[in-house]
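A single chain comes next, written as structure tokens; it is the form predicted on its own.
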Amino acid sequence: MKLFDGLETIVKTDVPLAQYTWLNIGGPAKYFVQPRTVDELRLAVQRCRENDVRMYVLGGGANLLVDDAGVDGAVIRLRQGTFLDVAHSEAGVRAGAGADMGRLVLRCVRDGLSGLECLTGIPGTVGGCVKMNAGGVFGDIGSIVESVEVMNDMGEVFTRSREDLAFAYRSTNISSRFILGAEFRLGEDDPQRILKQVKQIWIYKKNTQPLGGHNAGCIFKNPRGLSAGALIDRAGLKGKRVGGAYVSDKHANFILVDEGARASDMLKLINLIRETVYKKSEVYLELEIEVW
């Protein structure tokens, strides 16, 4: 592995990616890189850049579909070392990109810090949630972001303040490939009151979404003024199956997969949904998940 000489402790080859995604399907990564510090990340990125190795950034794998053939490049996963750090800050809390969002919500509840409740039940990491402005009917993460630390492909690290950031539906204006961490503006409140709200949000999601089983959350973005789930339901696709993948009976914008399902099953079903919805409603559904 001459490409990554000196980085053998953080680089593996031909690593199956299914184990790192919520769908639990997909092929291997040619290189799998898990840096523990910004310096290790910078060095790994430099090696990839100098050798024209394509880079992919893996967070919690919650909104990701990996092709059966895998990824011919370097998958960089920031779930080790300093990328997991969480600490109180002047604004509220600062968390590394690899910090688990569900655990962060519960930690803030315990510490009496309010603001992250809207992320209850949303899987993934801090970096991924910020990058896609994760959220739902209860609010989006962008409303509480105070600053974001990022690194570009040249290894330069910057801090983007709230004034420099723009959040929109499932998107931000962050162009740097790597989010290293983020600071959130939170308010002090009674832990019991925050916990009550978290429980209410969780119950709502449990009653309206298929939280059990392998899935990647909402598959499609909601078109402006419309609900992707309602459009799929109206097209008569609830329960529709292709191979080991099928549309949820509880929420039509969720696709569940059986053990042994393949990424090709998911992709065929996604295309079928798009075509059927377009014929029925003349609306083209855009993917919310990433496909590698």
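We number the residues from 1 along the sequence you see. Remember, predicted model here, so these are calculated numbers, not experimental data.
What follows is about the form predicted together with a small molecule, which we do not show.
The small molecule in the model of the complex is not approached by residue 53, whose heavy atoms all lie more than 4.5 angstroms from it. Remark: residue 58 counts among the residues lining the small molecule in the model of the complex, judged by a heavy atom distance of 4.5 Å or less. Of the heavy atoms in residue 107, none are within 4.5 Å of the small molecule in the model of the complex. Proximity of residue 142 to the small molecule in the model of the complex falls outside the 4.5 Å heavy atom cutoff.
Not one of 240, 273 and 280 places a heavy atom within 4.5 Å of the small molecule in the model of the complex. Of the residues given (45, 261, 29, 62), 62 alone sits with a heavy atom within 4.5 Å of the small molecule in the model of the complex. Note on contacts: among 194, 74, 132, 182, the single residue with a heavy atom within 4.5 Å of the small molecule in the model of the complex is 132. Stretch-level contact check against the small molecule in the model of the complex with heavy atoms at 4.5 Å: of 118 to 126, 158 to 166, 184 to 192, 85 to 93, the positive one is 118 to 126.
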